[in-house]
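Encoded as structure tokens, the following chain is the form predicted alone, with no partner shown.
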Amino acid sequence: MTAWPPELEGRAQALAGRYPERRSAVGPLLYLAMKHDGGLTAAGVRRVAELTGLTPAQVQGVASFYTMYQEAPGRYLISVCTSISCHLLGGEAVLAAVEEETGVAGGETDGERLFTVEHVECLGACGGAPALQVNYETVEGVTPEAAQRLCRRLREQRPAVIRSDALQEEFGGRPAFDWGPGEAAGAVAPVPAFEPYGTAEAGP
């Protein structure tokens, strides 16, 4: 058994304890493993298997099925929607602008591991297309020019927290709907922002 550091181990045990069957906690525990190791590793997979009573092969089966569990993502995972609504409203041009500004082709990560760029299917923001996400924080109504400014901001300032509301205000256009009350927390890693997972913190 290869326990994680005490704080992480306590968080993992608490998460696993929320589920009637510990195996149901595989997804959240994989996010913890990714944040701890900077990506999905064999050691992380083994620890999740130990915590859930599954085999490493079963955990790897889950991790390899879903695209959000990545071995070595960059600090900023930029996901550009190219599904039908975004495609019709310029999603491909947004993707090309992101690739040009970062120097990273879709599906790749740069040598510095600052950026990973990917094209994805529907982000659930069809009414605000084209849309992209940075570390799963959504921006709607993005133009190619705004996408490039966003990439430059990430490179120059390297913010520790990525927050949808702040990105939308500075780089977005027309959203799909009124987002309602603002969110104080944002993502601190290229995994979805959840406070119980330790992947979210208050941001600017």
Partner chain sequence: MTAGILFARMEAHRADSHTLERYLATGGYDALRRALAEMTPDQVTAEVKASNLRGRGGAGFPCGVKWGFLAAATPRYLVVNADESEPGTFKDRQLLERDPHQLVEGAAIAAYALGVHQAFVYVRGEYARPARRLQRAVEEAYAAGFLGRGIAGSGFDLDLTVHLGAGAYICGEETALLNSLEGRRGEPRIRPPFPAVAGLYGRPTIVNNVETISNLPWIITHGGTAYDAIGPEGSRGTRLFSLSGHVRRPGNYEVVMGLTWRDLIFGEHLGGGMRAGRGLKAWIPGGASAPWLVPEHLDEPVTIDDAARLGTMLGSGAVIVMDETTDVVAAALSIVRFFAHESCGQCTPCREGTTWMQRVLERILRGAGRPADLDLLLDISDNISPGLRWPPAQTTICPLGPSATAPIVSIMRHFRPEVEARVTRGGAGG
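Positions refer to the first chain, counted from 1. Since the structure is predicted, the reported quantities are computational estimates derived from the model, not experimental observations.
What follows is about the form predicted together with its partner chain, which we do not show.
Peer 1: Could you confirm whether His87 comes within 4.5 Å of its partner chain in the predicted complex, counting heavy atoms only?
Peer 2: Within the cut-off, so yes.
Peer 1: At 4.5 Å between heavy atoms, is Cys126 in contact with its partner chain in the predicted complex?
Peer 2: Although its partner chain is absent here, Cys126 would touch it in the predicted complex, with heavy atoms inside 4.5 Å.
Peer 1: Are any of the heavy atoms in Ala43 no more than 4.5 Å from a heavy atom of its partner chain in the predicted complex?
Peer 2: Output for Ala43 is no: heavy atoms all beyond 4.5 Å of its partner chain.
Peer 1: Any chance Ser64 has a heavy atom within 4.5 Å of its partner chain in the predicted complex?
Peer 2: Contact check for Ser64: yes, within 4.5 Å of its partner chain in the predicted complex.
Peer 1: Which residues from 11-46 come close to its partner chain in the predicted complex, meaning a heavy atom within 4.5 Å?
Peer 2: Read in sequence order, the residues that approach its partner chain (within 4.5 Å, in the predicted complex) are Arg18, Tyr19, Pro20, Glu21, Arg23, Ser24, Val26, Pro28, Tyr31.
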